[in-house]
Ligand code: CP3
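Here you get one chain, nothing else, as structure tokens; it is the form predicted on its own.
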């Protein structure tokens, strides 16, 4: 067990090293719980302008590193940028969330040539390059994208916050077209991640936020298979950076996801039992997670106890401490500081 503080400790964890005090970052660590983020956000015309303005996106990426000293910085962007680049008119409505011009067939995702799709996201690559040049040497920079199924849900439903029934019904009633849509999204995602890798990220992450509640055969077809397409294509393009896969809500399908997609590490949601994950996942595979974001809001002794339990559970496995989902706007800064302190004082 290595107890030192090496350069890019998080990256070394993804490469298979285990540490007594695991590296830590938090999903949505750059966000509305930070007053400096809210001030920065006010400078942009809208959320898309925020994401596409490298000067603003760089600052948002760096803010939690300055405040908390996290071991990982994740690129400030959004999983729906790829749909915007595909001509789906992504917009964010205050109090309602994202809206997307519906794409209910593969042809709707092919309106914009692939080369144009990738080039339209060039501000993101500029953000990566600028962040990497400003990050402390010891901080790992994480790039990311949405996984094909989750992005497809937004495309088919036209918005978030739905039951996802329209997208799930398509898996049964129009399976061939859905499979084709997922292939297009997998290819675009792979090239997008390749550009992020070339721009300087140390690791990559795939968010499958809507992987829950699927029958096993459907999960295999619309989550595992397209994710493997992305990973295989990224590797064929020469990308060697480790890839974290996060199939939220995958439950007992998580081991198959870990074994069959080709990802380097898996993110665990808050409902994943710690002992079960250790037993079910491949030995030595790095894991990330999985504190409940609501407990992070609650704070107190229960928060400290749970943090210690999570770290202790994965003491013999490469582990990145994180949440089981994202930091919410109501989260007290003091509670984030409490978690960071607890993790870094583990013995």
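Numbering follows the first chain given and starts at 1. Keep in mind that this is a model prediction, so the values were computed, not measured.
The following text describes the form predicted in complex with coproporphyrinogen III, which does not appear among the structures shown.
A.B. asks: Three residues, 118, 190 and 198; all within 4.5 Å of coproporphyrinogen III in the model of the complex via heavy atoms?
C.D. replies: Not one of the three qualifies.
A.B. asks: So in the model of the complex, does any heavy atom of residue 27 sit within 4.5 Å of coproporphyrinogen III?
C.D. replies: Although coproporphyrinogen III is absent here, residue 27 would touch it in the model of the complex, with heavy atoms inside 4.5 Å.
A.B. asks: Examine residue 68 and determine whether its closest non-hydrogen atom to coproporphyrinogen III in the model of the complex is within 4.5 angstroms.
C.D. replies: Taking the distances in the model of the complex, the answer for residue 68 is no, it never comes within 4.5 Å of coproporphyrinogen III.
A.B. asks: Any of the heavy atoms of residue 97 lying within 4.5 Å of coproporphyrinogen III in the model of the complex?
C.D. replies: Yes, contact at 4.5 Å.
A.B. asks: Using 4.5 Å between non-hydrogen atoms, is residue 75 touching coproporphyrinogen III in the model of the complex?
C.D. replies: Yes.
A.B. asks: Pick from 144, 125, 219, 257: which has a non-hydrogen atom within 4.5 Å of coproporphyrinogen III in the model of the complex?
C.D. replies: Flagged contact: 144.
A.B. asks: Between 309, 315, 32, 43, only one gets a heavy atom within 4.5 angstroms of coproporphyrinogen III in the model of the complex; which residue is that?
C.D. replies: Comparing distances to coproporphyrinogen III in the model of the complex, the residue within 4.5 Å is 32.
A.B. asks: Go through 110-118, 225-233, 204-212, 131-139 and give me the stretch that gets within 4.5 Å of coproporphyrinogen III in the model of the complex, heavy atoms only.
C.D. replies: Flagged stretch: 204-212.
A.B. asks: Any residue of 80-96 with a heavy atom within 4.5 Å of coproporphyrinogen III in the model of the complex counts; write them all down in order.
C.D. replies: Residues within 4.5 Å: 80, 92.
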